[in-house]
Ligand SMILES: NC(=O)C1=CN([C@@H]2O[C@H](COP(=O)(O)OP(=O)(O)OC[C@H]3O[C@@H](n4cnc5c(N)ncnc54)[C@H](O)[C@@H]3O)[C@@H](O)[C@H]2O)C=CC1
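Single chain ahead, written as structure tokens, the form predicted alone.
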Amino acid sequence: MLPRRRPPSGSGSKGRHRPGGGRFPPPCPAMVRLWRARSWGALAGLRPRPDKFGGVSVDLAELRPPLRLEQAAFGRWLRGAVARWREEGRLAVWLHVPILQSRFAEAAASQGFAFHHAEEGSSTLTLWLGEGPSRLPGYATHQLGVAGAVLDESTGKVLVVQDRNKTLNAWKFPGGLSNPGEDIGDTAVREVFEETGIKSEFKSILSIRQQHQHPGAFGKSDMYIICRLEPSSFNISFCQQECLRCEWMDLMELVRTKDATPITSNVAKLLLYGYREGFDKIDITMREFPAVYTGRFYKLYHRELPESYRNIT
């Protein structure tokens, strides 16, 4: 028996043979592109994750080699994936791009993605898919600084420093920026010890300063909190790199001196009032409560409540 010859290209109807006779209709080009894009995403190891707010997150750190090099394939996959997410009613896409994969940001930007924020080793781009203007929250726009007013109640003296790298050598309370995930009181205790060598315990918050467009915060907003601390050691061993001077100063002297920063002078007066009349008149104390998220807690700062009010049920 002679083998059957394949019909010449272009002859007869196009499409694949259907079992039992007839032919399948040719596949839609758009469906072919979508299938290829989905297949590439699966092969590359990408696992888009829906979130409870109606968005979806994609992390390019999951890309497997050598597919991480195929920028054009990623662009096609992203276009198809975004189309699918629109059909599903997703509201937004969060695209996390490691710094070594930054070349993919161009492909995302060409499809409407914009930078949301960047950290040390990665950036995050977003695309709003919902109706109207984007309702995505902005990234953090504040930095948090904390200082410690360490008062020795037995002598009425308070711990003060002068910064080494300031144009004006004014007295101030030791302090610095809070680390990510660090509580306010812990920052104050840590910064005081790092700058002066004095160990202390957090007692309360005394004041909060809010300042916008702060030159020292890259033009963002700055929150500066001063805490009342109680010392547990008294021998100063200050950091020579950060501090020019450090000493225990009489609280009244700090109130009256012209060689202190304005915020230090004002808080020194508040501290003097509490020292004389009772700290319950000035303290903003802290209580810890379980958060709505399982296994997490939050700290609530407020003026102390009388016990009769605290125990109302």
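Predicted, not measured: the structure shown is a model, and the values here were computed from it. Heads up: residue numbers just count along the shown sequence, starting at 1.
Just so it is clear, the following notes concern the form predicted in complex with the named molecule, a form of the same protein that is not shown.
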(request) Determine whether any heavy atom of M223 comes within 4.5 Å of a heavy atom of the named molecule in the predicted bound form, and answer yes or no. (result) yes
(message) If we define contact as a non-hydrogen atom of the residue within 4.5 angstroms of the partner, is Q143 a contact of the named molecule in the predicted bound form?
(response) yes
(request) Flag T261 as yes or no: does it have a non-hydrogen atom within 4.5 angstroms of any non-hydrogen atom of the named molecule in the predicted bound form? (result) yes
(message) Does any part of E182 reach within 4.5 Å of the named molecule in the predicted bound form? Heavy atoms only, please.
(response) no
(request) Within 4.5 Å of the named molecule in the predicted bound form, counting heavy atoms only, one of 127 to 135, 197 to 205, 163 to 171, 94 to 102 shows up; tell me which. (result) 163 to 171
(request) Please state whether every one of the three residues G175, R209 and E242 places a non-hydrogen atom within 4.5 angstroms of the named molecule in the predicted bound form. (result) yes
(request) With the named molecule left out of view, choose which of H214, R86, H117, R76 has a non-hydrogen atom within 4.5 angstroms of it in the predicted bound form. (result) H214
